[in-house]
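Read the single chain below, which is given as structure tokens and is the form predicted on its own.
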């Protein structure tokens, strides 16, 4: 069974860093999930089955958190005692917000014209900015950069992630 006192990184024997080896995370997840999966403990008593379900849920939660760039950053910052998306931490750079407003306007125009190619260009541009934000965030978190700056990058990345999801849904509607 797993040690519920270990953090997500410790659970998978990974260094507590923003940049993670996705293959190592996947391998560790599969190995750990195989050992704690409730089916392996179906013949056990109620306590063993309940612990197996809790362990499996914890492993799944840890994997989802570490596999998602925004959630991984939030988790790392939470380990340091801060939440970049807490109610009082909502400030975003005005230039950043203006770029997103411009993107949404261009996406709306492309959708209205049923121009999937133009919409895909906006999506690609947004994904490129998100990748750049991830790289900056990784550099900040993995080198002990200023927490306030890292929090700002997490907020931007979370915003960009939402924009990409919204634009992907819009593209599906345009292509339908």
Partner chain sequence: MTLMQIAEPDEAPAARLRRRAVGIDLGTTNSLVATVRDDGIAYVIPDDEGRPLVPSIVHYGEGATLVGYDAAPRQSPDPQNTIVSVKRMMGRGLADLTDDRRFPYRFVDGPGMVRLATRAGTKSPVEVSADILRALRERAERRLGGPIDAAVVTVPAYFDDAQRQATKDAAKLAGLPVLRLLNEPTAAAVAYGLDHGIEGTYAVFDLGGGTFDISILKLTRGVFEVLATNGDSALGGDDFDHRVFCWILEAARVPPPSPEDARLLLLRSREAKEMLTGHDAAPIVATLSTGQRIDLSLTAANFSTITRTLVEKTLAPVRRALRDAGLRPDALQGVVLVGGATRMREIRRAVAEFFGQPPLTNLNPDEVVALGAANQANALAGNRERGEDWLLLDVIPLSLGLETMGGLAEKIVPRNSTIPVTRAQEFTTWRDGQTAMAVHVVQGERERVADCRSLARFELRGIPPMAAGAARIRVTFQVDADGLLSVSAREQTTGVEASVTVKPSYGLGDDEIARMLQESFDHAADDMAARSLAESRVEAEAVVNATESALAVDGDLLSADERGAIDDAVAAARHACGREDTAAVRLAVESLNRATAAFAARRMDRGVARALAGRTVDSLA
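None of these values were measured; they are calculated from a predicted model. Positions refer to the first chain, counted from 1.
Absent from the display: the form predicted in complex with its partner chain. The rest refers to it.
In the predicted bound form, its partner chain sits beyond 4.5 Å of every heavy atom of residue 6. In the predicted bound form, its partner chain sits within 4.5 Å of a heavy atom of residue 60.
Its partner chain in the predicted bound form is approached by residue 105, whose closest heavy atom lies within 4.5 angstroms of it.
In the predicted bound form, residue 138 stays away from its partner chain, with no heavy atom inside 4.5 Å.
Contact here is defined as any heavy atom lying within 4.5 Å of its partner chain in the predicted bound form, and by that definition each of 53, 64 and 166 is a contact residue.
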